[in-house]
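Take a look at this single chain, the form predicted alone, given in structure tokens.
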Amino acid sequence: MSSSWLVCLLALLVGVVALTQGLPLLEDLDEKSVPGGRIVGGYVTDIAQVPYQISLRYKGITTPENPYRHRCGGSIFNETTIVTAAHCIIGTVASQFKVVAGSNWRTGSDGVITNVKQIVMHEEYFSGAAYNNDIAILFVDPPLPLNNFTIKAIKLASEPPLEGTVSKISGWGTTSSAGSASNQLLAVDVPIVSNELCDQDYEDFGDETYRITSAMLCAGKRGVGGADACQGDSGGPLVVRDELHGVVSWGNKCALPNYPGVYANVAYLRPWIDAVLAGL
């Protein structure tokens, strides 16, 4: 067998394995959209209801002629700072991104558009477990014009939410696992699941790297399913009582009854966030 055929075969095998493992909830960058669709099990919302939500738009270095396209979500911490997931930006540079705030739409140029000037990713991302410490900070310029209506900062949690507390997730992700993305902003309400129960649910999933750590937070309708974030919602907010508690990270497909969605745990990661902001 030639070396070129070996390379192709290995690439195919890696793709098959990835599809059976926990995938980051990152958009696949295709053009599919369903304007009337739903985040899994959710409802259409308005940016005025989730004014901290942003769309992180991206284009490849080798395709400068292409437009910026939605890749992930994120949350506004202040006029120059965005919180998102590390897996959204790993292997990229700041000039590949734009931040769109104050918009209900995944595509188009309405809302306020600004440039990403600097990216700070958690230094121990993926250390100790798959998608561990899945958080990053983006600094934008020009600053976002906060108006407390459609563009508003959100407070970061300093204490973890209680099990069973209802959280709100928002974004433009697919309406089913590997399905079509929504062009309209959607939201879904799901209860917090304890890390202990969540770790039990993922005990037989994948290999030993897929486990729930203190840097993660889980939410979903355990035993029921049908409500979750999905691909394209990555980096977006999980909010409890007007505080950012989670950053959409990963899971086994989407909205399965026995696998809650997994999020970066903002309260646990708060010392890292504070250190980054203090350092700059």
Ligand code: ARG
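When you see a residue number, it is the position in the sequence shown, counting from 1. Since the model is a prediction, treat every value here as computed from it, not as a measurement.
We do not show the form predicted in complex with arginine, though everything after this point is about it.
For arginine, fitted onto this chain by superposing the C-alphas round its site in the model of the complex, the count of atoms within 2.4 Å of backbone or C-beta atoms is 3 or more, giving a blocked pocket.
Residues placing heavy atoms within 4.5 Å of arginine in the model of the complex fall in a single listed stretch, namely 251-259, out of 61-69, 207-215, 251-259, 46-54.
At the 4.5 Å threshold, heavy atoms of I39 stay clear of arginine in the model of the complex, well away from it. Within 4.5 Å of any heavy atom of arginine in the model of the complex lies no heavy atom of P237. By the criterion of a heavy atom within 4.5 Å, G232 is counted among the residues contacting arginine in the model of the complex. In the model of the complex, arginine lies within 4.5 angstroms of a heavy atom of only one residue of 79-93, namely H87.
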